[in-house]
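Take a look at this one chain, the form predicted alone, written out in structure tokens.
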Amino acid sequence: MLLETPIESLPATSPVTLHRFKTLGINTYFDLLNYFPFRHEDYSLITPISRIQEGEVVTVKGVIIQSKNEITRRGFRLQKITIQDESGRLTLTWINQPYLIHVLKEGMTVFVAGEVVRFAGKISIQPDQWEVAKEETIHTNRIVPVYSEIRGLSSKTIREKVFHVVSHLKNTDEPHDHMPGEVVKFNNILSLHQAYIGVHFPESKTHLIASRKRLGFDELLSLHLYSQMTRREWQQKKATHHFLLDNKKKLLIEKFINSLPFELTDDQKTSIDEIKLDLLKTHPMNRFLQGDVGSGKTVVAAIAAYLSYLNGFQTLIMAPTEILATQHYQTIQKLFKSLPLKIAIQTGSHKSMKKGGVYDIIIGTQALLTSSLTFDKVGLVVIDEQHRFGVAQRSLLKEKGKEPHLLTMTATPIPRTLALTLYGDLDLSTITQMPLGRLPIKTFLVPLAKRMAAYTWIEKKVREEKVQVFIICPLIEESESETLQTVKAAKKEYEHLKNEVFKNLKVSLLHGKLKPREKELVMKEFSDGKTDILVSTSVVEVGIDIPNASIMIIEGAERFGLAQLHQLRGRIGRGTVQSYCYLFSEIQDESKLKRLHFFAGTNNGVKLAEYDLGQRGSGNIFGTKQHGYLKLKIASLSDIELMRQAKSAAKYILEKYPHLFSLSTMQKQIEEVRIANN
């Protein structure tokens, strides 16, 4: 079969080039076909030379009438090629590429594509691609694929090799389409054969769009099939810890809930009921709890941990940072202060577990994974912000309990359809309501001219109402790689605010480079009300709960994604007084400020996530360091409709065509999804 051909069969390909392909995991023609272009340039329309205009990207076709070298006063060699068509002449200039004179000879017909520029006072083209005219071109006179390059392997080289494969592919029926015909027809998608041709060298823009849709559909389908198969495997497991909920336990849980200093929201009650039902099943719970910042996920997890305790089992709670783990520890201690539960914390710098001690709830960071730590009877594992941990870490924690019930949580707002794609193997609970009595945070985008007035108002608030303030900066130190005029470095801003703006207030500094003990001291002083203003980097994004903090300033707000801004804003508004969030930005471009205006207008995290998803893609929901755990080569998480189609098709195929899973092609695709996303 053509697609099983080793890349060693590619014509005119050096051993060095073959080695570079193999470093990308490309060993066969099929691997090469699956190295998709990240964009295309439309060089299909030929523009007469007389009609080209400065600033346009065009393709021209002409006959070479002159080809010569020139040497400048500074010693640069210029290669000047003059071409003409029926409408006029054009001189093209290259620098220090003398071989071109031997390749582009007078009398040849060539295509040249690139941006129209003014060179030495005359209109010319900055040649991005050029090609001697032939029956079928590769680099010009068509919609041209552009590939991600690595050192020594250019997009042009990749394009030429892929073109060779695609040219031969057209004479076959490969790759074999495993998709049932009715699924192809119902979803109005191309054949796999046509899609692989069109994603590289499409006949038209319509062909390109349809090709990307088909291949994206297949990728999302594999993701959903993998999720559904994982779900089935999980449901076939037997829970080693059987939970019971008799009348006595029901009464104790009700008593605990009634003793809380606040009333649970309807969403919290629904989530608790869903978790209780899961814990009573014969297979382990695998539930995902999504709730906005400050919506009360921790108390839901605490009630699940209490049911675990009443059944004689332990609960492990793992958080990604010491700050968040410490916050959970303090919160859960307060919740259970009148009950005999033994609670411990285990982080890099806090270890309250004593040798031989028996604990009911153990909260920690990755320190919980230490091999020397063993637990006798873990019935429930809670993983907070699970996407910040690798699959291997999550698996290690589950192994501590030998098939325990699993509850994962996130405060990252995710549109429901996207959440069902990302976490298709989990049961989903969502908390959208905020605790009763909370006032919506008022958010304002502050123009530069009103900054000092804002400072004056804040100082008055602190003095008269004894509230506390967060001031968030995007960097710890100034960097030459940043535009210093628009970025306030935390250390510099701290000195400025402390010595010039808020001279009569107590100002402290918190950032990620402080030692754990230093962070703890800074946070304790702020929590105890000894500090009025805390200047910090985004280290406070999660896990800091200061009810008295009701004002936040975010410097360089345009530098944060909406999801991160929302997480930061969630650090205030946890008391009963009105809270305020001020966005400071020194940029004047209204188009760039548009999303900040949108942010100021809503407190709904899911709406913000949907806006970011539509405007800038999934990476902005999860952040630069977090979104990579779902690795898609061609599908877009912004394409909600295609995700719905793929999910529906996965369900149909599982029910009607279970034999497809015995096909090596299907197994390979699902395995690739598993490896990529683990």
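Throughout, we count residues from 1 along the sequence that is shown. Everything numeric here is computed off the predicted structure, so don't read it as measured data.
Form predicted together with a small molecule: not shown, discussed below.
Remark: residue 443 does not count among the residues lining the small molecule in the predicted complex, judged by a heavy atom distance of 4.5 Å or less. For residue 224, no non-hydrogen atom is located within 4.5 Å of the small molecule in the predicted complex, even though that partner is not displayed. Within this chain, residue 293 lines the site of the small molecule in the predicted complex, having a heavy atom no more than 4.5 Å away.
Put simply, residue 574 is close to the small molecule in the predicted complex: some heavy atom of it is within 4.5 Å. When contacts are defined as a non-hydrogen atom within 4.5 Å, all of 262, 265 and 299 contact the small molecule in the predicted complex. This chain is displayed without the small molecule, yet in the predicted complex the stretch 432-440 from 104-112, 432-440, 152-160, 91-99 comes within 4.5 Å of it by heavy atoms.
With the partner omitted here, the residue from 465, 427, 545, 273 that has a non-hydrogen atom within 4.5 angstroms of the small molecule in the predicted complex is 545.
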